[in-house]
Every structure is written in structure tokens, then in C-alpha cells.
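Given as C-alpha cells, the chain that follows is alone and in the form predicted on its own.
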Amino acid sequence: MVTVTPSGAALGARVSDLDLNRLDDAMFAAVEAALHRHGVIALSDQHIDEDVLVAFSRRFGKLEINVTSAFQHPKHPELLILSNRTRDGKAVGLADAGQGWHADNSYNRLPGRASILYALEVPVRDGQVLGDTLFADMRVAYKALPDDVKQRIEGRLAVHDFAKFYDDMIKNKGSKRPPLTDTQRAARPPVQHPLVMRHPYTGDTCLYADPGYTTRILGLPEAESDQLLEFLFAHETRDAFIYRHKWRLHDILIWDNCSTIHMATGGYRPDEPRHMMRTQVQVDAARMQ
């Protein structure tokens, strides 16, 4: 019997008494229901290989292949390696993923449904695990908006651009990741999504704008768009809406990209290993009609 223990914060829960090596349809239904209810869930004590991780991820939908094509698993291109480890002086994975509030794959025509991250190594210092991940609930954030702001954003579209987050990592955060090529930029042109999203799986109303990828609100003068986005970004990351996930070794963390935004906190050194595998699931196109 799968056990779901809520975090006590605005969102988040831990799922135990589950082994993905022996997953059946009833167990998956319980996991999916917990994700829809809590926005982000941690599956405890999972010992699986990459084949099981990919097969489990595909139960949620079609998997994204990262546009940069770097650090893909040699057997499964849908698996991205996130790691600060090196081998023969070269990075074995993306070391600086997620440092800044964002919703994964909001820059795609079909937005991201879920991200799944499997912790094979977590950084530890003096007995304390480092590298927490923060999540904010966009359902609660929408409900807490003033009525006049809800009226201003209802029915409006916003532009999401993959290059915004990527370029900012290089320009302002000292990332050593290579600049995007013209081909990579052309593969991920800016897209438009409603500022107020009806969740394609649950029907919940969600604020859908994130500091990482959202660049402007259509139909507003640039200055007004910038001012409103600044307000929305500050509002949605208030402490009352946030869950801080403290990693455990062999956690599989799953989060809903339609109803949450997230941010990696970092704070660990290169000699404090962090090594994880990630998949990203697209929303089913039929649910976006």
C-alpha cells in the first residue's frame, strides 16, 4: 500500500512503500494522483537503473530531448545527466542546472507536464545534505492574487523564451556552459502561453509565468508589461507558497510544471559530489485543445 505523507507546506509530499522495479497500474495511479494533489512528490529509497527510470517516466507522457544535446545518457537520449563530477578533466554532466526560478519547458509550444529527477549522489557537509530545491505553488499563488490583477491577466498571453534563462546563466551567473548556437536558438523560438492556465490534467487554475523564461505580456506597452511581470514574479515566490525539498540519497523527485515553478539553491563545492539523472515529460497535445 503506497503511503503519501504531505510536507506541511503549501505543496509537496513524500511517497513511501513503493518500489518502481515492481510498479503496477494501481501503484502508478496512486503516484499520479499524489502528484496532481501535491504538485511535487518524492519517492523514497528507489534503487533502479536507467531503463526503469525511462520506462516509468514514459507512463506520464512523451519525453523531451534536451535542445543542447550535451550530457545525454549514451543509451537513452531522453536522460540528461546533472552532475558536478568530472572524468579526465571533463564534466560528466550539467553542473549548474536550475539556478533561478523557472518552470521546465515553458519555452516549448507544448509545455512541460512533469520533470523527474533521480538522486544517485547528494552533496553532504558535516552531516548536512546540501543543494535543496525550492518549489512554489502556482495554484495557491493565483488564488492569492488581488482581484484587479486577476482581471488584468485573464485572457492574456505571455511570451516564453528558452534563450532568456540560458543566456542569463552565462552572462550574470558565471556559467561555463557553451553559448547557444544559431541552430539551437532556431530550434527553440519564443512561444506564447496564457498567463492564466487551466491545468490540462486537473482543471486547476494556475498562474503561468516564471522569471526564468517569461519575457513579456502581449497587448501591453513594454513598460507596463515589465512592471506587471515584476509584480507577478515577486508575488509567486512569497514564502507562503514555497516548499523546500531536502534531498535524500535515492530520492526520485517528480514535479508538475503546469502548477509549480522551482529553483535549485546550490551551495556545494566541486569536491562535494552531486550526481543525478533527469527526464522531462511533455503535456499531451490533445489536452491543450
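Residue numbers here begin at 1 and follow the sequence given. Small disclaimer: the values here were computed from a predicted structure and weren't measured.
Same protein, other form: the form predicted in complex with a small molecule, not shown, and the subject of what follows.
When contacts are judged by a 4.5 Å heavy atom cut-off, residue 82 counts as touching the small molecule in the model of the complex. Although the partner is absent here, residue 98 is a contact residue: one of its heavy atoms lies within 4.5 angstroms of the small molecule in the model of the complex.
For residue 104, a non-hydrogen atom is located within 4.5 Å of the small molecule in the model of the complex, even though that partner is not displayed. Shown alone here, residue 255 lies within 4.5 Å of the small molecule in the model of the complex, counting heavy atoms only. Judged by heavy atoms within 4.5 Å of the small molecule in the model of the complex, the contact stretch among the candidates 42-50, 231-239, 27-35, 256-264 is 256-264. With the partner omitted from this view, the residue of 114, 217, 138, 117 that lies near the small molecule in the model of the complex is 117 [heavy atom within 4.5 Å].
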